[in-house]
Ligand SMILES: Cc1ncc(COP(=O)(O)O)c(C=O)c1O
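Only one chain comes next, encoded as structure tokens, the form predicted alone.
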Amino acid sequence: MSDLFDIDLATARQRRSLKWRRYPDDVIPLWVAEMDFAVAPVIAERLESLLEGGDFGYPPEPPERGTSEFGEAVAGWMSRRHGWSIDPSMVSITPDTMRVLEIAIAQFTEPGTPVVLTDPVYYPFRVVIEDAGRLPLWVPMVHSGQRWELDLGALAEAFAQESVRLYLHCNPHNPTGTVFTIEEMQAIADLAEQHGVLVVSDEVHSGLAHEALHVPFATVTPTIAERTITASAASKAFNFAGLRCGFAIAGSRKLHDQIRAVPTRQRKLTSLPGYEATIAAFTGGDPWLEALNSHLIEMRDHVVTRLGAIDRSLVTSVPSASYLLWTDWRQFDIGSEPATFLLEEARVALSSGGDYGPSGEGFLRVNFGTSRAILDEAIDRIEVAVAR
């Protein structure tokens, strides 16, 4: 199965997704959160059956009504992988996790009010807040010397603001790779309950937790589920983001009804291939995912070693999940925007840290969800450009 992850540069360049089409052919793209691997065989087989039958109509509408195959697949996955028992009827399908955040912002906050998020965080969090006419209220992550952690004191101050009603939680955290501990999340939960704040927990990277244990936020205290909406998808772990399928898990019937109150067309539909791929991933994808995670750990350690050889301060911490590495370039005299320097001088595309929050200036996010050969070519180029 390891051959599935041994892709060469020439083969990767034939891919037609955004990652490989945004930049010219001489650029190695290690930016957007998309891996370079083919999907798990169990997913491919399910999609091939659609192709053979010419079955590309609309997905069941809405598939979350009653007890559905989709809801059962999600519930089985959560129970098996995370020890979380959920009611399948509380699963609401969406095209992606960001649509869950958009619904929560629209349903539970008022225009002009703040929405709390970490600094840094996946940049669409800020975008959906601003697009909805709300205000991002940044709470800093702090570096403990080993990992990035949330400043709980600053979070308490943010939650204490009278107009704050919603916190967007990201765990495993993008871009730092932190997997929050149970104790950290219990502290967040206590603050949320104390101040009456709703938590939307984006857990789309949970299938890619490595050494650290991912614990769903909705389970960390006996009562926090009552004010938690979990946003997730199979698409990140199983690499089919283009098939457009995610879901929300409401922690209470009241929250579920409020999500369902949004008209189906406003919630937006997934695609039938995405719907089917999610069921296949969650019911038969475990062996492939285990092999993938083993490969990602190898690539993570390889990249950390190679970048550390260029400069030890580049790697701020070793990520505990996913295939994203948060790197610090502020010590180099390469201009105010290191992403531009490396794109122009090394022909390697990385994600600019400034997009992830005010504290991200001078940082870059590196995607190591590819093969050793492609990573080595990219780091060779970076090493030459920095030395030059």
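These numbers come from a predicted model, not from an experiment. The first residue of the sequence shown is number 1, and the count goes up from there.
Here the subject shifts to the form predicted in complex with the named molecule, a form of this protein not shown in this document.
Engineer: Does each of Leu168, Val197 and Phe217 have at least one heavy atom within 4.5 Å of the named molecule in the predicted complex?
Structural biologist: No.
Engineer: At the 4.5 Å heavy atom threshold, is Thr270 in contact with the named molecule in the predicted complex?
Structural biologist: Judged by the heavy-atom cut-off of 4.5 Å, Thr270 is well away from the named molecule in the predicted complex.
Engineer: Is Val74 close to the named molecule in the predicted complex, meaning a heavy atom pair under 4.5 Å apart or at it?
Structural biologist: Val74: no, not in contact with the named molecule in the predicted complex.
Engineer: Closest heavy atom of Tyr122 to the named molecule in the predicted complex, within 4.5 Å or not?
Structural biologist: Tyr122 belongs to the contact set for the named molecule.
Engineer: Does Arg227 reach the named molecule in the predicted complex if we count a contact as any heavy atom within 4.5 Å?
Structural biologist: Output for Arg227 is no: heavy atoms all beyond 4.5 Å of the named molecule.
Engineer: Using a 4.5 Å heavy atom cut-off, which stretch among 198 to 206, 312 to 320, 180 to 188, 248 to 256 contacts the named molecule in the predicted complex?
Structural biologist: This holds for exactly one stretch, 198 to 206.
Engineer: Could you check which residue among Val39, Val27, Ala33, Ala339 gets a heavy atom within 4.5 Å of the named molecule in the predicted complex?
Structural biologist: Going through each option in turn, the one that passes is Ala33.
Engineer: Just one of Arg126, Arg244, His295, His210 has a heavy atom within 4.5 Å of the named molecule in the predicted complex. Which one?
Structural biologist: Only one listed residue qualifies here, and that residue is Arg244.
Engineer: Using the arrangement in the predicted complex, list in sequence order the residues of 75 to 109 with any heavy atom within 4.5 angstroms of the named molecule.
Structural biologist: Contacting residues: Asp96, Thr97, Met98.
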